[in-house]
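Just the one chain here, the form predicted on its own, laid out as structure tokens.
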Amino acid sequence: MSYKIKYINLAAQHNSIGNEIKREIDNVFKNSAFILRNSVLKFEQKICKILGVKYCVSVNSGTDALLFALSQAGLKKNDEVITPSHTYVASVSAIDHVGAVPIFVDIADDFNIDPNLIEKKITKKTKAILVVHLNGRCCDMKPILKIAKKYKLKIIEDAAQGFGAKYNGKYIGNFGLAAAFSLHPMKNLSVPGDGGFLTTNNKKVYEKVLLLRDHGRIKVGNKEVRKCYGFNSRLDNLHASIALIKLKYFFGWMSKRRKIAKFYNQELKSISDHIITPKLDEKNKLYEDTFNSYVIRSKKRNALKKYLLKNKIEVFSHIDKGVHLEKNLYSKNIKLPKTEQLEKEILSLPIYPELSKKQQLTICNAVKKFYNK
């Protein structure tokens, strides 16, 4: 279907910076600099400077970043990792791939793990908490950090949707042993394909992940030494150079996303009996969201979704089935009431910096018309 308003319009973003990107791509080809060259190192250094972390390793996907982060948590076979079920499957598959067992905890109204429910799920086998910062909103980290300290648990951050978001003045990516970020085209900071990066303040983790991403090899003087088995998980120079250009505009784009979210909330206030909009923390500033997604809740989600799509407004009901309900992946029969309730109600509206005020109003009017008809 051809949509009047797309959910995300990467072509519009490209139009605004396309000339810069073309010049940089030409330079990459001119210099034949494709694998682990200068742009990759510059990107990693820039990420460290922005987030205030000591180390960054770019990799070929957010999924690999998760896998590498968990691989450094000292997990043994059948150790338990606490995490939400309301997340993309990559979060949980990474736990499985390192031989650990996911222990699911229900979510709060912000779609992130509910800190009040974590402690009761801790056992002698629990070794880590994998927090997932969903939709550009950081988890409530203060109580989670307190629990982790009490039980000596490692914290790994799934920050795939969280780049640029803050909690109590601190950027996501600084709260645990390591954090995994994605550069997938649907993310706030994206490349035209797959890509990701890992951040850490732990030198040993940094050095090991450097090895893992490139078949376990490292240069010692003029020689190449292979120190362990590894993977082919390098962010290529083309993607790194494009990401570097986008970083120049990133925080301006995030400001626009926040303004759109605020506009949506104001416009949809008149139908607050029918939908629940995201809560903006403009007063306390505990949370500084980036709105990777703008997610509303509606008891009539399916009908509203169908109506908006029919009116050529592209919307998604992202993560409408928790991993604990995927019977081919998870065999235990558990109940997560909040997760299961919210997943029947969530709907993501278009949100991106190039979305015009006219388009924003068209979206809001369509939602209001559905409930007022």
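A quick note: this is a predicted structure, and the numbers were derived from the prediction, not measured. Residues carry their position along the shown sequence, with the first being 1.
One more form of this protein should be noted, the form predicted together with a small molecule, which is absent from this view; the next part is about it.
Would you kindly say which of 237, 112, 91, 200 lies with a heavy atom within 4.5 Å of the small molecule in the predicted complex? It is 91.
The small molecule isn't shown here, but in the predicted complex which of 172, 178, 132, 129 has a heavy atom within 4.5 Å of it? For this set of options, the contacting one is 132.
Are all three residues 61, 182 and 195 in contact with the small molecule in the predicted complex, where contact means a non-hydrogen atom within 4.5 Å? Verified in the predicted complex; spot residues all in contact, yes.
At 4.5 Å between heavy atoms, is residue 246 in contact with the small molecule in the predicted complex? Contact with the small molecule, no.
How about residue 241 - does it come within 4.5 Å of the small molecule in the predicted complex, if we only consider non-hydrogen atoms? Residue-level check for residue 241: no, no contact with the small molecule.
Contact label in the predicted complex: residue 188 to the small molecule, heavy atom within 4.5 Å: Result no; residue 188 lies far from the small molecule in the predicted complex.
Even though the partner isn't displayed, in the predicted complex is residue 160 close enough to the small molecule, meaning a heavy atom within 4.5 Å? Result yes; residue 160 sits at the interface with the small molecule in the predicted complex.
Counting only heavy atoms and a 4.5 Å cutoff, which of 116-124, 227-235, 83-91, 214-222 contacts the small molecule in the predicted complex? That would be 83-91.
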